[in-house]
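In structure tokens, the next block holds one chain alone, the form predicted on its own.
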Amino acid sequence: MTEYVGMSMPRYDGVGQATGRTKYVDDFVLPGMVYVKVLRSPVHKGVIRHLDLSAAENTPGVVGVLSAEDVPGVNLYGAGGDQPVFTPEHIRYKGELIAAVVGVDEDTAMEGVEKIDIQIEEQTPVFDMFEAMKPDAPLVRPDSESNLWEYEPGQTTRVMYIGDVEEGFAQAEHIVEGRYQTGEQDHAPLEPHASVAYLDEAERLAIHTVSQCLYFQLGQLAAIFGLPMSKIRYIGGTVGGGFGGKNHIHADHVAGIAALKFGRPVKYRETRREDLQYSTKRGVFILDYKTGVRDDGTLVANHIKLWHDSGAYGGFSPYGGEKCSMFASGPYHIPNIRTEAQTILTNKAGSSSMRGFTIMNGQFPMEMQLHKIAEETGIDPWELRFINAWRDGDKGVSRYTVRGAGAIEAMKKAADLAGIELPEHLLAMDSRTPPPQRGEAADVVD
């Protein structure tokens, strides 16, 4: 192992990328290839009252058109299984796919899109999470009772706890509170979303994809196409940047449906503008913290309420809220924790995974809490972190047992790199030995 750890290793794909030999999805051009352009909703929320594709279909050079009626299998996909490939009626966000035109080139396909006759009854959207949670808020899902995602039937709040948080606060000499927010961000990879689909020599549907999670998306696509997985060749592995945004299907479903319907190689690629405006984003998080601490700096209680903006569909957001809850107390031993997470639907492009998916959204506020606690108690911020850092055998809020803890060792290295001289008693600490001042945990409430 010492041959590799800490050593600079050559990238197996570096030469091809540096020389330009690497082939990305948009580099594939096949004989007889046709191209897709899509009709997206021009409004944030509404109902489609009329859709006529005949003028587009009759445009010279147009091979054909696609809408919800052309989906051969299930017209739903996504981690939550609630997003339509083409929305048949209800529009939930600006840019939502309504129809597609397939032409001999992109200009022809775009000409067809511009000839589509559509009438939309525009409705009032909701963009703010807390506005969306009000009883009289416009509903993002017309068939639901509220804009709160149900983790299970009737359950709109995911609760995790260990110990007894109220008993923990009773032990604390100081209680520090704060509200924190992380904003919406786009992944902005060099390679926009693109897909090439065709029927191969064995009549299998072949798709060149930018996916970051081939087998997760393959199952969704099999349901959309109404095909067994054995009839789909899903070809990927070379991604021109993704950062989590390519864990969500953006182009493969449309290209695949077109290839199946027209029997010709199909390319569908989003423009940079489409990618920036309509692809999935890192969704907004808002977190309220209430932290109890003893005079000696020992953390004894943490109560966290968090709200996550999912956008128009569930996607990865419910899972993301749970994941954020698990790590929102940071790599610190706190015997009494309670987290309450809610996922809220709004009329925005969907939320998806992004680097450090939902973990960093909880790490940042916890570190800010520690700085506030340091000011409140007069304890050095380094001291505070070393005292409370996870040791092997500690438990987090989901009651997992920490193994291979390394926060203390990482902080020592960070201090060394920053030229900070830590006191000897902190340098003597390690992640295998509990500190002497750590208090007893309250009994776990089952």
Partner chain sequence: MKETLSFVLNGSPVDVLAAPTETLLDLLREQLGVTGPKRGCDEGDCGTCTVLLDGQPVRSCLTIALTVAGKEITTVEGLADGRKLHPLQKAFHERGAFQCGFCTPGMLMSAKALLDGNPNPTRREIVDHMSGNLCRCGSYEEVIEAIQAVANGEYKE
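Positions refer to the first chain, counted from 1. Just so it is clear, the model here is predicted, and its values are computed rather than measured.
Not pictured, yet referred to below: the form predicted together with the partner chain.
Within 4.5 Å of any heavy atom of the partner chain in the predicted bound form lies no heavy atom of residue 338.
A residue is said to contact a partner when one of its heavy atoms sits within 4.5 Å of a partner heavy atom; residue 269 meets this definition for the partner chain in the predicted bound form. Though the partner is left out of this view, residue 204 does not reach within 4.5 Å of the partner chain in the predicted bound form, counting heavy atoms only. Contact between residue 29 and the partner chain in the predicted bound form is found at the 4.5 Å heavy atom cutoff. Judged against the partner chain in the predicted bound form with a 4.5 angstroms heavy atom cut-off, the residues 24, 240 and 243 are in contact without exception. Of the listed positions (261, 305, 372, 187), a single one reaches within 4.5 angstroms of the partner chain by any non-hydrogen atom in the predicted bound form, namely 187. Between the partner chain and the residues 273, 179, 231, 134, the one pair within 4.5 Å by heavy atoms in the predicted bound form involves 273. Contact with the partner chain in the predicted bound form, judged as any non-hydrogen atom within 4.5 angstroms, is confined among 329-337, 190-198, 171-179, 343-351 to 190-198. Along 7-38, a non-hydrogen atom within 4.5 Å of the partner chain in the predicted bound form is carried by 10, 11, 14, 15, 17, 18, 19, 20, 22, 23, 24, 26, 27, 29, 35, in order along the sequence.
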